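Single chain ahead, written as structure tokens, the form predicted on its own.
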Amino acid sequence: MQIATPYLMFLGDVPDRLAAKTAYGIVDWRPEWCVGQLRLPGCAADLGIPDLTLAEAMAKGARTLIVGVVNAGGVLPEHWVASIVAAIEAGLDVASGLHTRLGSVPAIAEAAERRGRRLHDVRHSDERFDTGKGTKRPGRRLLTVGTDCSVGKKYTALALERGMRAAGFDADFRATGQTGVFISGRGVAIDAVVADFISGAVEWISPAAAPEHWDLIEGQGSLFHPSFAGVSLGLLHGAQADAFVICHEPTRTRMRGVQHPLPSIREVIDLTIRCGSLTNPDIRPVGIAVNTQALDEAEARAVLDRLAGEHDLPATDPVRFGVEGLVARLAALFPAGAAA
């Protein structure tokens, strides 16, 4: 799948920042690809890039409209269709990470056919996956896991890729969600894979590799989330992780979108080891990544110090404070993992 850049980011009228996390992720990691944003009245998210009309975006060289939003069920709201059709009429391709296929909407399909524009449904793969086998394969793997969804698993894996490469590791980010695929240009949206093939799809994403190579696998959901635990478990088994980083948002008391209380970091560590041991008995935690965006610096450092002491693991906000401590722990635990 080759998606033409630059992008015009479409946010619709999403109610909050988290609902536009796909768009934020792309802007954070590929800002050079994003010429501006297109928002509908009432939109509560702002990417901090110019608001553009379709004509202005085309004048700046935009080639693809990215539907940069997430919502429960991955549905395409009917009142967004007119904006997407208008983008096609203006000459843009359209790419979406929603479960709803763009081509399943008659008005969008007809406009794309008539104008000769491409529709990209990143959530859907044409690849056929085997069931997971759990057979030990060469190479090393790190999985980001979470106390909840939307706590920074993708950002942590991307930050680790950058930090580990700078430290001499042979490491690659492996995308398992639509935003990661937009950012990296490869991967599979695991939550759109038929359940029997989730672990097999992860084995396909992270195949056998050189013994010292690290795949940094983007986690999804949480083993404790009643909506997404099935995806999280299949991903854990397929990843066959040697190491994992626990990702956490310290101001939450309940899991996003449900009434269940947030699990503790200790509960996540224990359950991840218990379940992950099925395909890798040597799985171990190597650090804690905390999204401290809602805290001032003093509060953030206090939380990180407390968690590091409680769990005897390095704790950091990968975006705010870097990943040096996590990389150092990996180098200490897996000394052959760094290139000579």
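Don't overthink the numbering: it's just position in the shown sequence, from 1. Values in this document were obtained by computation on a predicted structure and should not be read as measured data.
Form predicted in complex with a further copy of the same chain: not shown, discussed below.
Checking 84-92, 108-116, 129-137, 241-249 against a further copy of the same chain in the model of the complex, the stretch whose residues place heavy atoms within 4.5 Å of it is 129-137. a further copy of the same chain is not shown here, but in the model of the complex it comes within 4.5 Å of a heavy atom of H99.
Using a 4.5 angstroms threshold between heavy atoms, H225 counts as touching a further copy of the same chain in the model of the complex. Although the partner is absent here, T144 sits far enough away that none of its heavy atoms falls within 4.5 Å of a further copy of the same chain in the model of the complex.
Residue contact check for D170: none of its heavy atoms lie within 4.5 Å of a further copy of the same chain in the model of the complex. Only one of V151, V122, A159, I190 comes within 4.5 Å of a further copy of the same chain in the model of the complex through a heavy atom, and that residue is I190.
Think of it this way: in the model of the complex, a further copy of the same chain has a heavy atom of just one of L233, I205, L76, I183 within 4.5 Å, and the residue is L233.
Scanning 257-274 for heavy atoms within 4.5 Å of a further copy of the same chain in the model of the complex gives V258, Q259, H260, E267, D270, L271, R274 in sequence order.
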